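Only one chain comes next, encoded as structure tokens, the form predicted on its own.
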């Protein structure tokens, strides 16, 4: 009797652009894991039903992308600390007892990309985060755990930035500031959705300088408008979120299969020109 490979999927809306099936396919080939991974576009009002149907039909785990990360955390029977505090999850796993567990690997992905591929020192750095939604919430805890000097959150709605900073205040030096009052950044992270429509969030005078690494969580074949603007302002380096995507996927793979794949060859396949970045 032939054993069928375990099934995994990414859920989003839209999801046709997702690189996750390619990434996890390469991870599976690299590690010899027997699994298949597909993309599923869930209805905006039917995410939970779609996920539960997938698991009821034998699915073992799933990634979750916009706009369903909050719903993914809410539907789970248990959550890891990152998903619990962020109130957002990007990875789901069916446990041996049938419960659905939720995880947030975005922060781990960001930190591994910054410290590993980009050789960026987080300890003592001034990190400025633009945006106070789920994308920002998912990465604050791992950044604080790496000993950043301070993490400052700016958002168009100041109240949301304050709420987010307060939620993580017990973990380290995190604070909210007006968009106009953000300090010079060693690392500037765009966690807003502005790049999805080609716009640029407000950048305070002095925020970007020759010491700044500008990082956009959005990944794209060409530099985003945010990164182009940061380059014009003299940023030391500009980087999109492709590395974060690959690294968070690797952590999800580890949670599902118990093995951490090598991300370097996968990143290189997705962006052969990465040495010129």
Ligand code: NDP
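Model, not experiment: these values are computed from the prediction. Residue numbers count along the first chain shown, from 1.
Another form exists, predicted together with the ligand; not displayed. Remarks below refer to it.
- In short, of 199-207, 77-85, 165-173, 91-99 it is 199-207 that has heavy atoms within 4.5 Å of the ligand in the predicted bound form.
- Contact between residue 157 and the ligand in the predicted bound form is found at the 4.5 Å heavy atom cutoff.
- Interface residue remark: residue 129 is not counted as part of the site for the ligand in the predicted bound form, having no heavy atom within 4.5 Å.
- Residue contact check for residue 241: one or more of its heavy atoms lie within 4.5 Å of the ligand in the predicted bound form.
- The ligand in the predicted bound form is approached by residue 218, whose closest heavy atom lies within 4.5 angstroms of it.
- Of the candidates 182, 187, 144, 136, 136 is the one whose heavy atoms come within 4.5 Å of the ligand in the predicted bound form; the others do not.
- By the 4.5 Å heavy atom rule, the three marked residues 66, 69 and 191 all count as contacting the ligand in the predicted bound form.
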